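Only one chain is included here, represented as structure tokens and corresponding to the form predicted alone.
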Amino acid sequence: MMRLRCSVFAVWILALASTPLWGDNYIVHLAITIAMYSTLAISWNFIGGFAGYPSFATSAFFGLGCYVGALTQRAGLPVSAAWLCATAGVGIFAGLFGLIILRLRGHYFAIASFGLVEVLRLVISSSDSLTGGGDGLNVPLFHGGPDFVARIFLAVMVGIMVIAFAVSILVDRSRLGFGLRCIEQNEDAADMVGIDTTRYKIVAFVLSAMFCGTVGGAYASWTGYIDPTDAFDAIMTIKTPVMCMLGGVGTVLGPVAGSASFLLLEEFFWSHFLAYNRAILGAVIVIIIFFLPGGLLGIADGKGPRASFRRSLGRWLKGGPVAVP
């Protein structure tokens, strides 16, 4: 099964990477966006899928990566070095912050992680002398024209996604992945049998942050301009777990499938139902998640709509949770 899913992922990578050969600038831009969000979803899956901690800090790490990458690039560092600084800086920040926030569980952890987004946005907005405040920050642009720049950043975003996917496979098959799944099932029991739950959670939290920082640094270089509202977008931090739920939480390929499905549905409804695209997209996703609690990959695992609906209905009649991936 893993070989099949890796083959599907390889075909999807080829499809995204080849868009400049058969698509226009709009298609290439969509491919870059899909690769970027796929990486964010894979990153969220480390802490939200494997460990079961409902993190809403994705846009906090993404925005921090944007500003670290932009500031180091403006200071004269090469682009690749700026992205590495964004990755390392966000990872260190997540490790220090994780020592505090990972003592919380459930909705307390979710609220605290979401609050981090607003705190960082306010701090960045108030630091006029360093970050430009609400006016934003210009980043040195790439030379070569829009078509060349689009191809460069398509390769960059796809490359980051491939690395994140490879790390996800390694985590899934390692002792770390086993420990995280034990934490997701029953953290107290995992702690009792000798699993260092604190260390495992911090590692997962740092992994989830580092790739967000990398993508943020690359995004700042791609757009050439960032501001606090765009970098710390609360909608992004909601979209990411929804994408994982749509594809299959806690699976290796689920975040990629969910991201692609979500963004393609979003583009379709935006182009055909402009006035009601958000409402229609939300309704469709809620219906899909309700009938397929295991996500789209649940179909391949024999968790089709009818069986999933019967299980969900049975849980509801017994007073339990309706949809448990």
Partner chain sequence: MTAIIELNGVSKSFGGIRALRDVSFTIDQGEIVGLIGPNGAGKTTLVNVMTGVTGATAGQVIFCGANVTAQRPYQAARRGIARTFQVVQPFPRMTVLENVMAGALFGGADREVNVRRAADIAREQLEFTELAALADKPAGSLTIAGRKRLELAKSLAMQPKLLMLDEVNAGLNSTEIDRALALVRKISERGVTILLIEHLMKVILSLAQRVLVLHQGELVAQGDPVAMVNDRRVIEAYLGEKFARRYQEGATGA
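The shown structure was predicted, so the numbers you read here are calculated from the model rather than taken from an experiment. Numbering follows the first chain given and starts at 1.
Omitted here: the form predicted in complex with the partner chain. The next part is about that form.
Partner contacts here mean any heavy atom within 4.5 Å of the partner chain in the predicted bound form, and among 82-90, 203-211, 250-258, 182-190 they occur only in 182-190. Think of it this way: in the predicted bound form, the partner chain has a heavy atom of just one of L77, V162, L71, I195 within 4.5 Å, and the residue is I195. Looking at F178, you'd find a heavy atom of it within 4.5 angstroms of the partner chain in the predicted bound form.
Taking the partner from the other structure, the partner chain in the predicted bound form has a heavy atom within 4.5 Å of a heavy atom of R173.
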